[in-house]
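Shown below, as structure tokens, is a lone chain in the form predicted on its own; questions about how it binds or moves come after it.
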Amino acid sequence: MELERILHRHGFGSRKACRALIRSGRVAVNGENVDDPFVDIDTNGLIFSVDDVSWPYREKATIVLNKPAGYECSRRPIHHPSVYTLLPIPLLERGLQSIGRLDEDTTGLLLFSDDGQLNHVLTSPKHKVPKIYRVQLKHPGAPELVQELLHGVLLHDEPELIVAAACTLIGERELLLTVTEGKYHQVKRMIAAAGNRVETLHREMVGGFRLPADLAPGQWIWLEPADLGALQEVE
């Protein structure tokens, strides 16, 4: 594939802008400067750099962000900064979208991708991909709280009981809750319907993929093929 097309597909501007970027000597391929926009590049395992920042070639781009509190999952936020401000411009330009949303005060695993099929699989209720949350409760929990969440709670405007896929009390005021839907404020509403209140909420896993322990809040990394497979694991 022509180098100019590679940069264009990866969000570095118009074809003309990418051409100028290459000719100005700001692009390297596998560690070597290249100033010919039309040179044919093998994309298999390709790593290119722009202004000394490395980028792996991705036909479809999927990343994970450790979302900090205080950010809205919207390109047009109302009360807080957009979570998209934490991502580099090329990713935004190639059209990455968050896969589902986390509330402004919810932290943890947030995926972004330009792969529409992956987005559908992870968000559609029929695929039942589990999402695991660590919940800090306002009031002490009890086995009865867990049982009620596992048997199902009735939420406003929902015709049927909403059932937790799994729920474990791991501390006096802390539990792990697994859901397979993505309803509005779902975890908070479920806990409230069961007679308690969420103080903090952190998403730890989607499918079989766990948020890396060494990924700091506000930082992101690329997902590799094995990670993409893990995301779609359903027990």
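These numbers were taken from a predicted model, which means no experiment stands behind them. Start at 1 with the first residue shown and count on from there.
Omitted here: the form predicted in complex with a small molecule. The next part is about that form.
Scanning 173, 60, 26, 185 against the small molecule in the model of the complex with a 4.5 Å heavy atom cut-off leaves one residue, 185. Checked against the small molecule in the model of the complex, the candidates 102, 149, 83, 111 yield a single residue with a heavy atom inside 4.5 Å, and that residue is 102.
Between 165-173, 29-37, 185-193, 45-53, the stretch whose residues reach within 4.5 angstroms of the small molecule in the model of the complex through a non-hydrogen atom is 185-193. In the model of the complex, the small molecule lies farther than 4.5 Å from every heavy atom of residue 71.
Though the partner is left out of this view, residue 201 does reach within 4.5 Å of the small molecule in the model of the complex, counting heavy atoms only. Under a 4.5 angstroms non-hydrogen atom cutoff, the small molecule in the model of the complex lacks residue 119 among its neighbouring residues.
In the model of the complex, the small molecule sits within 4.5 Å of a heavy atom of residue 106.
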